[in-house]
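Take a look at the structure tokens below, where one protein chain is shown in two forms, each on its own, as structure 1 and structure 2.
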Structure 1
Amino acid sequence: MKADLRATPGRVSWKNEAALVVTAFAVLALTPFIVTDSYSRHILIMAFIYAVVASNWDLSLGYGGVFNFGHLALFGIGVYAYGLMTKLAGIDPWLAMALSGAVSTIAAIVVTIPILRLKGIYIILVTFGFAQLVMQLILSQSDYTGGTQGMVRIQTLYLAGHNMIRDGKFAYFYIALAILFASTVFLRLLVRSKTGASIVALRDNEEYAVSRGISLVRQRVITLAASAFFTGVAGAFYAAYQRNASVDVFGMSLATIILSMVLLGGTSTIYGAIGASFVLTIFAEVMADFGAWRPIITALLIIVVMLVYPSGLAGIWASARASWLRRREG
């Protein structure tokens, strides 16, 4: 079996992968003791949020092969669902965060219905339209959502006996990290399961997979719904953390950045998207001095990497690993 098994579940043993993931997250969990200023912690928190959104997108885009361009709308729905639930309905913030994930999941199922019979570019068009529609609806209901002004003073999360505002973002850091951890474990368990294998089978050879009894409709709904839950939770956390919401989350610029995280990281890996989220978020911070030139430089970087390394950072990693293995085998 010398074929490329990168996208195949079950290549690295369970134990090794679990050990690596736990080690990596343990290292991340220690960073607040080294990184003590609240601004650097803020950057890391944003990187965690983006990593959740990007890695969940990798599930539908990379594994499922479903070009869901409404993924950021699922994030935006999480943002606004949390804002509306805590502000208007007075629901407990923690409960609202979980419910936001559920709302995003339902939205994903709704958007799956029109794309069940579609392929490729048509899915891009419909999901893109869906994202725009959600934004239009939010803008039009300005009595509740604040319209173009956005929502302000959204209720934040709370911990009994702990002041979340004056701890230098210490607590927020761990909540964000916990969401990323839960999301990553969920995604990896899913893609390594039989369900994950059938999703990949549908992507790679739809006719054969269907003829072997895999239901395209059911698997596609599962793929989209599974990619939505933690995306919505991340949106809710983002709203609670930023304490405001605006329709900017539906904009093309954020979608482009997150999509480039998925593609730069290399699709169908989950870890690639997470790694690229860290790299790009920190890179954007390093570039802060360039001001208005930052988006221009980021765009150029994306184009250059896509032209030179078609399979992204994971491709560089894979080829480096392959050459190392070759040398070791002599």
Structure 2
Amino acid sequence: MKADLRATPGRVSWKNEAALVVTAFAVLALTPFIVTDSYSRHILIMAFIYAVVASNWDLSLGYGGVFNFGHLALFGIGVYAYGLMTKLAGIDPWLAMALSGAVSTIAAIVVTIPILRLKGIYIILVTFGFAQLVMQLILSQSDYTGGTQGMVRIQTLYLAGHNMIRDGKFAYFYIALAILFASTVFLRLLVRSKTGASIVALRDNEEYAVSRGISLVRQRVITLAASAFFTGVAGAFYAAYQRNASVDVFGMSLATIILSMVLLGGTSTIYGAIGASFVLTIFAEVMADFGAWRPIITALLIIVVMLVYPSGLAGIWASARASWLRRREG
């Protein structure tokens, strides 16, 4: 008899989860009316971008168990695809943003081919090599990509009759929030579907899952491709928002930040990575006056949380929710 995932003990129902998500994003949508200075809005916009990238990485790393260390390359591909399409090809910025997601998805499928039968450290090496290959390709085509100097004056997004440059980042805030909302809904629909269950089954016991008829090749392609689209869209939005592209997006510094968000939030949660993106982005800004001590303090915060709650912020939330339910039932 097939198990009814909706009736799994401790699992939040679709209705309750949807209500919580809508409420959370409704609160975020009101933020610009409370936070009126453009710099604070900028911090939140960057948190939205990081949240999209981190939560999609959680799909392949957490749910899929695929140590894809080329995930940030998909973000970088989105950045440069948008820049090249709008600046050199003259494609409409909105269309270019969607196409950038498609390009990143294609790149994810390409990198999936050599890792279909690999495990552990070998996947890390291949995906890391893929990221370095993409960076070197961009550097070698300096006539188009700007090489080490990057691309500048990239076409920004537009809204008819609205000046997005002088609105205190009001429009950019809502565009970034919309991308995060769409990405979150997509990821949660996927992980709660039969496809999501098969992805987790392969992660937990590959041999048994394959023996039950689950295709390793198909599910691995789906996992990496699904984690790539909104990552590429976030990269395109980042390029439009910053109006420049740099190979720094392929660097270990950004990769470390995003990976810290995934681990601090708690893998296999989606929401944990999103929450950690807000915590670390805002915390890093609050610690700005500490200079060189800022990354050290941030690292200590992550270590303390992981020692107390190995499952991260999601573990803290689950523990608090369980305590509340016990008190209510008692």
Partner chain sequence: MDAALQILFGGLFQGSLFAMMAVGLALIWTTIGVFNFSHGVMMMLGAYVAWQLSAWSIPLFIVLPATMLIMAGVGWLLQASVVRPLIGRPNIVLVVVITTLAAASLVENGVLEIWGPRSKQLPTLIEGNTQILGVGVSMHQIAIILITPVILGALWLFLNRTRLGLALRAVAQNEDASLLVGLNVTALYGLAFAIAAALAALAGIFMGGYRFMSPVMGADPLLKALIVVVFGGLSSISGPIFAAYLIGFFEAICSYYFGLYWTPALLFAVLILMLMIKPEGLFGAKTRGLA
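These numbers were taken from a predicted model, which means no experiment stands behind them. Each form is matched to the other, and the largest set of C-alpha atoms that superpose within 1.5 Å is called the rigid core. Throughout, residue numbering runs from 1 along the sequence of structure 1.
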Which number goes with the form predicted alone? 2
Specify which of N244, T281, G129, I175 corresponds to the hinge in the chain, comparing the rigid parts between structure 1 and structure 2. T281
Any idea how many degrees the smaller rigid part twists against the larger between structure 1 and structure 2? 10
What is the C-alpha shift for I303 between structure 1 and structure 2, rigid core superposed, to one decimal in Å? 4.4
Aligning on the rigid core, one finds that W293 shifts at its CA between structure 1 and structure 2, in Å, by 3.2
